[in-house]
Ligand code: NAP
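One chain is shown next in structure tokens, namely the form predicted on its own.
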């Protein structure tokens, strides 16, 4: 059976960056992704803090990077990784379809949206509930929507959908936003954005199996057509339990991005770090790949 030099798990910006470096070094590897190339940046409507671009939307940036790895001839395959096993002196990356034997692994699976954890949240996903205003915003043209959260992502998407929807209600559990001042200023200037501070959603309301509003912790109700949830992210690391992770699931590495397994490296948003940005993920993808190249060559 074929033995790869490396398997990169995840084709977000960190994984695709790692692929560029490995390809230029002449290594034989495969890039696995269970979704679309670019990962979470595909859900960004407006990126203004990435060097070289005054303004770009997430899908465009993701496609540009994907086009680059495609032009390089990177082997890109669909794969939802379920397990990583040991086999002699190698690793076996197991998906539902195939198994890949490899000398090294770079984990770059990123994060996924944190759920509210309320009873009918999963049931109404796609029926009024979403985690991506940029993806689903046009469904709510001239309608009322609620956004839960107070960070950069929540405010960015509130501003995006405020140009589409009739009213946008931002519900935040604290007394002030945890976002950049430039975003807060823009939100404050939008007349159709209504702000709720020190409030939490305790119940999701529905009518005929569709989302219809929320009940807050003061028993007040907001009626709306759509609900967008931005209360944080959790790392996609459930498929591996043989390396050290923090109690909330982030992968522990050293300064070279090596995990507690000498053959496994990690990069991007699966790492516990102070700043989750495109720029940091790209740097980590490059660093992890560079260290894989060193140990293989």
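Treat the numbers as computed from the prediction; the structure is a model and nothing was measured. Numbering follows the first chain given and starts at 1.
What follows is about the form predicted together with this ligand, which we do not show.
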**Prompt:** Thinking of this ligand in the model of the complex, which stretch from 225-233, 252-260, 239-247, 24-32 has heavy atoms inside 4.5 Å of it?
**Reply:** 225-233
**Request:** Could you confirm whether residue 49 comes within 4.5 Å of this ligand in the model of the complex, counting heavy atoms only?
**Result:** yes
**Asked** Does any heavy atom of residue 193 come within 4.5 Å of a heavy atom of this ligand in the model of the complex?
**Response** no
**Message:** Residue-level question: is residue 111 within 4.5 Å of this ligand in the model of the complex, judged on heavy atoms?
**Reply:** yes
**Prompt:** Can residue 213 be called a contact residue for this ligand in the model of the complex at 4.5 Å between heavy atoms?
**Reply:** no
**Complete:** In this chain shown alone, the residue from 128, 150, 79, 137 with a heavy atom within 4.5 Å of this ligand in the model of the complex is 150
**Complete:** Answer key, this ligand contact in the model of the complex at 4.5 Å (heavy atoms) among 188, 174, 87, 97: the residue is 174
**83, 104 and 266 each touching this ligand in the model of the complex (heavy atom, 4.5 Å)** = no
**Complete:** Applying a 4.5 angstroms cut-off on non-hydrogen atoms, the residues of 177-209 near this ligand in the model of the complex are 178, 180
